[in-house]
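Starting off, we have a lone chain in the form predicted alone, written out as structure tokens.
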Amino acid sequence: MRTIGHWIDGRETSGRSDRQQSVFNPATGQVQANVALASVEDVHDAVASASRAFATWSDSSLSERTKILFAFRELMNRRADELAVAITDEHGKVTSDARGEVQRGLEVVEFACGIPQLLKGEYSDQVSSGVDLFSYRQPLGVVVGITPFNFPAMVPMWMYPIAIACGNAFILKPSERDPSASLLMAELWRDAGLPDGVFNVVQGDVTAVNALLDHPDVAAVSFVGSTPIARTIHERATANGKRVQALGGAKNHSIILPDADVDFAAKHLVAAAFGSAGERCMAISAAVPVGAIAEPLLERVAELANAIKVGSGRDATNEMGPVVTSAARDRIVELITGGERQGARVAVDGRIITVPGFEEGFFVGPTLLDHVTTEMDVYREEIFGPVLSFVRAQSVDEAIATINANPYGNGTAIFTSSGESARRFHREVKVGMIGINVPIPVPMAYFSFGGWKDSLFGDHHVHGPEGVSFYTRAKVVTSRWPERSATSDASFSFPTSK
């Protein structure tokens, strides 16, 4: 059985611990590898390697950094298909979706290639007689990314290209459910010429996470995952004096107004709800049809959901793969059943699905629930599965109020042909990322990604300009070079410009 190890100081290692965990192929339900689970000592080894590397990498020229970033980009492009297949085999998503994930991550690498421009400071000449003032940004040190299973390539690439470009050393703690992508990315960094220790991978569970959060030489932590864990990580890391950005869960709504095109809205809702088996933090899980559009929209969504081809992600004809584990499948099925018990109508039922040749796989079919209320567990919980709930509203005011009352504030969307309604919507909803006739409004790399309310803990979003701000800190210098013959004008009074 293949063992997936760590990447510390420029090489793969099994580490000091004998603990391992099984890695499944979700389509077959079979164990395909074991992943090493780091000990506290393994984490210390990674931090020590990163600390040594930071001492020289932080002093490297911007030209050297950008050359390595461009080389990494080219290598990633060449091996994108290989990376996509590795994601499919461990996560379950269809390979075309995995390839799209890699591409979106590459866009952050391309953004980071412009780091010389992004790190330019400010300069003011002669702020006082013979005194100049300038500012610049410096890297933090050893920084950590703790990333989820649902995007094993893209989410880490939200973090490490910018962190490394800014001069930091980076330690990635990926999900133990699909760990192979992280090692492939480490190999690409090595081949691109990145010095040993600047990029490290520590596989593991809560032992590794806590050791990273507590280590005194870790300066900052980036996290993406569920809200309860995001809150815990933010509290523990900030208590230890670290800078933290912790992105939590989501319950993304989409309002569909009566003036929307039914077919257009239905097709995009289905793609946004069931793509990647709903295992996206930006997936639409609650459709809020307003007024009379509810019935024709429900009918068209049900028709499209029933037509989705579900199966192994390796089959290019399939549109949706399995969920990541048997436990995830069982939890999703229980939430569907609970919603039915509490009064929702199951319009499309994905609980009982058989994929010929993959009977042991972790499959849940597309599921559509109607007449869901905000008190039901299937609405209140982040399902992270292929379940779309219809939460009917009678007015735009009611629909917006529903979104704003929800504790999550990650993403939302509106389908309408009215500019006035769209403008009112994006100004009034208390959500960080908003789509207008775009159901999955993931910002491009040169903007920043992040939600509001219980979807974000910390002051900074990831990637884009806020990513640069997060991985650096500002320094302001007030400078004077007096002539040797000049008399001193030192004063005990508070200094002022003159």
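Position 1 is the first residue in the sequence shown; the rest follow in order. Predicted, not measured: the structure shown is a model, and the values here were computed from it.
One more form of this protein, predicted together with a small molecule, exists but is not displayed; see below.
- Honest question, do 158, 247 and 455 all end up within 4.5 Å of the small molecule in the predicted bound form by heavy atom distance? Per the other structure, all of 158, 247 and 455 touch the small molecule.
- Listed residue (95, 416, 180, 226) with a non-hydrogen atom within 4.5 angstroms of the small molecule in the predicted bound form: None of the other options qualify; the answer is 226.
- Task: Have a look at 148, 141, 195, 311 for me and say which one sits with a heavy atom within 4.5 Å of the small molecule in the predicted bound form.
- Result: Flagged contact: 148.
- Would you mind picking out the stretch of 199-207, 70-78, 123-131, 269-277 that comes within 4.5 angstroms of the small molecule in the predicted bound form, counting non-hydrogen atoms? Of the stretches listed, the one contacting the partner is 199-207.
- Message: With the partner left out here, check for me: in the predicted bound form, does some heavy atom of residue 384 sit within 4.5 Å of the small molecule?
- Response: Yes, residue 384 lies within 4.5 Å of the small molecule in the predicted bound form.
- Query: Is there any non-hydrogen atom of residue 281 lying within 4.5 Å of the small molecule in the predicted bound form?
  - Reply: Flag for residue 281 set to yes.
- Message: Residue-level contact is defined here as any heavy atom of the residue lying within 4.5 Å of the small molecule in the predicted bound form; does residue 173 satisfy this criterion?
- Response: Flag for residue 173 set to yes.
- Should residue 471 be classed as touching the small molecule in the predicted bound form when contacts are defined as heavy atoms within 4.5 Å? Residue 471: no, not in contact with the small molecule in the predicted bound form.
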